[in-house]
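The chain below stands alone and is given in structure tokens; this is the form predicted alone.
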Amino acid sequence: MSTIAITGASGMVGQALAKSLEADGHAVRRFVRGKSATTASEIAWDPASGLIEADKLEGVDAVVNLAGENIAGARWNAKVKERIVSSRVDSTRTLCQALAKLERKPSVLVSASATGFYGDRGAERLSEESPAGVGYLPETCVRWEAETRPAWEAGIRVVQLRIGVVLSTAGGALAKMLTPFKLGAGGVLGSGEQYMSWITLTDLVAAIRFAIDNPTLHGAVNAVSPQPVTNAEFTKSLGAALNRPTILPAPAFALRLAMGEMADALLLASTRVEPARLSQAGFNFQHPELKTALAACLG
């Protein structure tokens, strides 16, 4: 049995990952902010000030870094955007600098990134070899991933997991869509031609665990289903799964009025990402197709 430390353990993905690991008998150490650790399984830290209980990381087998503020939690302005960046960059820097100094280092760090790395690329097929896009989200992801450098320079295997839209009724995009779609108010966003790269929460947890256990994986790894869909396809599939009409489109100008810059980056941008390295390493998706994925989520 292994000991795995998780930052962002209170979030949707972190909670699901911790539950999965503990169900299989592994020990989980959770990072906690804003308070002192109350048990041996908690690690206190304050990324903004660079403070971390590094001694509790000695001898840990693996670390999973999921820390980062919700990018859709508030309308973007300069302050919110800087907070989103710092919540990722500061936490990854603090963590990786601490890991590099340990006497008994973990064998692997799986550190979250996002498919936002690629930016708005239309129908272009994107693999881990594709360069970063242009704009706020790509620049954020580039800075985020760069902060893992001290860990791999110290000999730790680092996997930078570029995560797509996570489908779960427990939170995230799908949970927010359910109410309007159930009321018959769902519809295509903008042109509907923009690609959405997605993954179920179940498959994401499995992919993280696969990255921990598979020594051949390192560097950027796309955590997305092998079948990205357009917004129009997603809308049709979700409406069918809920047995509701999807006839109320949301024009691009209306989304921009309501959400500002965030609309272009999160709803109207097209990112068609493929999980090349996961597939090459032999990872088996439980939910590769959207229809079965939605059925499992809505179950």
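Not measured: the values here are computed from a predicted model. Note that residue numbering begins at 1 and tracks the sequence as displayed.
Only in words, not in the display: the form predicted together with a small molecule, which the text now covers.
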{"property": "Contact assignment for the small molecule in the predicted complex, among Ile52, Val28, Leu66, Ala250, heavy atom within 4.5 Å", "result": "Leu66"}
{"property": "Candidate from Ser87, Thr148, Thr200, Thr94 lying within 4.5 Å of the small molecule in the predicted complex - any heavy atom", "result": "Ser87"}
{"property": "Proximity to the small molecule in the predicted complex (heavy atom, within 4.5 Å), stretch among 121-129, 165-173, 179-187, 213-221", "result": "165-173"}
{"property": "Contact check for Gly14, Asn70 and Ala112 against the small molecule in the predicted complex, heavy atom at 4.5 Å", "result": "yes"}
{"property": "Partner proximity in the predicted complex: Leu290 to the small molecule, non-hydrogen atom cutoff 4.5 Å", "result": "no"}
{"property": "4.5 angstroms heavy atom contact with the small molecule in the predicted complex for Arg244", "result": "no"}
{"property": "Trp144: touches the small molecule in the predicted complex, heavy atom cutoff 4.5 angstroms", "result": "yes"}
{"property": "Non-hydrogen atom contact Lys236 with the small molecule in the predicted complex at 4.5 angstroms", "result": "no"}
